[in-house]
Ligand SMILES: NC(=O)c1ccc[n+]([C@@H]2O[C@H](COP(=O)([O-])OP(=O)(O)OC[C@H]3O[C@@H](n4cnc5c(N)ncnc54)[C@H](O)[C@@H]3O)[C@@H](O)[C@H]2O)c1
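The data below hold one chain only, encoded as structure tokens and taken in the form predicted alone.
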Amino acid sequence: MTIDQIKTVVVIGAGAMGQQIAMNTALNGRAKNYKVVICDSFPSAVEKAQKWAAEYLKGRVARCRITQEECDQISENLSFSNDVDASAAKADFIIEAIIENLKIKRELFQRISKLCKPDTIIGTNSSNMVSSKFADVTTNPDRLLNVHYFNPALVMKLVEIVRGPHTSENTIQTAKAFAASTGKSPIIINKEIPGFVANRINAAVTHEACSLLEKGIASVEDIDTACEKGLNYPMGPFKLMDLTGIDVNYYVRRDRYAESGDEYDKPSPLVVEKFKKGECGRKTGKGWYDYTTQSKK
């Protein structure tokens, strides 16, 4: 598969990340005229994604970010489906963005890799599970890799292209060219490692932030302010956790500790407490901050 052969891009998973990855491809890949399909086995998720896409594009036109003509082109190139298997069968490039569950992902890759074309590139957006975990059940694993977008995918420019020991050089270079063609700044990670590059650096910052809070050194707000005003971070570590989900931080650290056995990799006790309370950030209304009152809980 080459970049010029990619015509149809299928995003599996119509959640927040899947929606934005698909929209970014249709919006910023207009020069390539990609046909983009968002598919999900849950009809309600597809309906929600379709409604979100229409409202998002309408807003872009209202703010004069795109013309009505451009909006019409994007809408024509963006379609929605409840049939994952049929969508995969016609794809040239697949990006999986479903739940972070190893068993479910393995079942998906085993099934779709038999249905799609032999040279269709299959990427997982997972930031925690390397593609090697799916290679043994994937037909033609040389076309399998991690293609990791950052949240929010419509804003963040970085895409991490992760080479597994099974991934061909052609797959890596085509995935890199694809990401660049949709307005992203891709980097190639030559060896699989949990968390890849950006999230490992962020994990170290988050670990230290939680340690400072746990020891009573500074408050949530002041630690965030230090990072934003002193280090020029666009968002402090606690605000970022609230945005991406405290539950996500918990699961990633839990799984990493299970693999490494290193106490450093354990979730912070403060994160565990928030997780058990169901205070997972913006999506639940409360996390490190209270979004019902916009003040710290």
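These numbers come from a predicted model, not from an experiment. In case it trips you up, residue 1 is the first one in the sequence shown, and so on.
This next part talks about the form predicted together with this ligand, which is not shown.
Colleague: Name the single residue among K176, H207, H166, K105 that comes within 4.5 Å of this ligand in the predicted bound form, judging by heavy atoms.
Modeller: Of the listed residues, the single hit is K105.
Colleague: State the residue from W52, F42, Y257, Y233 whose non-hydrogen atoms include one within 4.5 Å of this ligand in the predicted bound form.
Modeller: Here the answer is residue option F42.
Colleague: Is A14 close to this ligand in the predicted bound form, meaning a heavy atom pair under 4.5 Å apart or at it?
Modeller: Heavy-atom contact with this ligand at 4.5 Å: present for A14.
Colleague: I'd like to check something about V84: if you look in the predicted bound form, is any of its heavy atoms closer than or equal to 4.5 Å to a heavy atom of this ligand?
Modeller: V84: contacts this ligand in the predicted bound form.
Colleague: Is the gap between H148 and this ligand in the predicted bound form 4.5 Å or less for some heavy atom pair?
Modeller: Yes.
Colleague: I'd like to check something about I98: if you look in the predicted bound form, is any of its heavy atoms closer than or equal to 4.5 Å to a heavy atom of this ligand?
Modeller: Although this ligand is absent here, I98 would touch it in the predicted bound form, with heavy atoms inside 4.5 Å.
Colleague: Just to confirm the contact call: exactly one of 71-79, 215-223, 176-184, 149-157 touches this ligand in the predicted bound form at a 4.5 Å heavy atom cutoff, so which is it?
Modeller: The contacting stretch is 149-157.
Colleague: Heavy atom within 4.5 Å of this ligand in the predicted bound form: which residues of 182-205 meet that condition, in order?
Modeller: Read in sequence order, no residue approaches this ligand (within 4.5 Å, in the predicted bound form).
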